[in-house]
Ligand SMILES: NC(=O)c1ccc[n+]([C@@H]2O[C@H](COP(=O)([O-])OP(=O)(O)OC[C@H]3O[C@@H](n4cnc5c(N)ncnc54)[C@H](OP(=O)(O)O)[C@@H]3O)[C@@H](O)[C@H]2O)c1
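Next up: just one chain, as structure tokens, the form predicted on its own.
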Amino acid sequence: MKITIFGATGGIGAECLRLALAAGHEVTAVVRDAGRLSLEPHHVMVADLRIAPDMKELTVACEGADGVLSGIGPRSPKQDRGVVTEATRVIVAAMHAAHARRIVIVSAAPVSTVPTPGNPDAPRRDPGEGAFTRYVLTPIVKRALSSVYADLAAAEDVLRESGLDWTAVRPPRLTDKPGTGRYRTAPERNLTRGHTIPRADVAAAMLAMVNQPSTIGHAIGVAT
């Protein structure tokens, strides 16, 4: 497959790059700083999606892509406020110009209960969460990182309105442990007792979902 990865130097993006190359895919990486790439993809494009990116170049990066993966997230919640929503808008525009269809982005488990204009009926409590997560963990992290989850929820709205074949992947707390390949997934809900997941397993799930039509148009909970 031809895979385009945005944010290929981040935690999940770098894992997407590693796994895509290992699987023999042709990979285009779109990054802010090519010097931070841990591996050499087939094509590299340097672009900061927040600062007047060159849409012609981004269109080229998406041309012919069987799947576009975005691992973009905030490096700092205070400094990168709104970065995921803004980047997702730019990626969607480039994909439309390139006539690319399939996009999978990283979101987060707490977003399942964040209502937005595009998802006004988000549940107050996620149906897949156990009592401890529902009443203790989720409220704490949502208060601590409210701007991050608002950004991710708004990015999901961009996908809903895009007309593309989209999937948002919602992992819980990320770890740097080795991937297990034994992750669980569920559409439109989080996973019971799914408190953590290695970044490598999130990346593996994202790559797999490129060829899983059942995930199109859904937010997918993923956890070990």
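Numbering starts at 1 and runs along the sequence shown. Just so it is clear, the structure is predicted and the values come from calculations on it, not from any experiment.
Beyond the structure shown, there is the form predicted together with this ligand, which is absent from this document and is the topic of what follows.
- Though the partner is left out of this view, L152 does reach within 4.5 Å of this ligand in the predicted bound form, counting heavy atoms only.
- Although the partner is absent here, R193 sits far enough away that none of its heavy atoms falls within 4.5 Å of this ligand in the predicted bound form.
- By the criterion of a heavy atom within 4.5 Å, S107 is counted among the residues contacting this ligand in the predicted bound form.
- With a 4.5 Å cutoff on heavy atoms, T9 counts as touching this ligand in the predicted bound form.
- Remark: of stretches 114-122, 82-90, 133-141, 95-103, the one touching this ligand in the predicted bound form is 82-90 (heavy atom within 4.5 Å).
- For the candidate spot formed by L49, V148 and L174, every residue has a non-hydrogen atom within 4.5 angstroms of this ligand in the predicted bound form.
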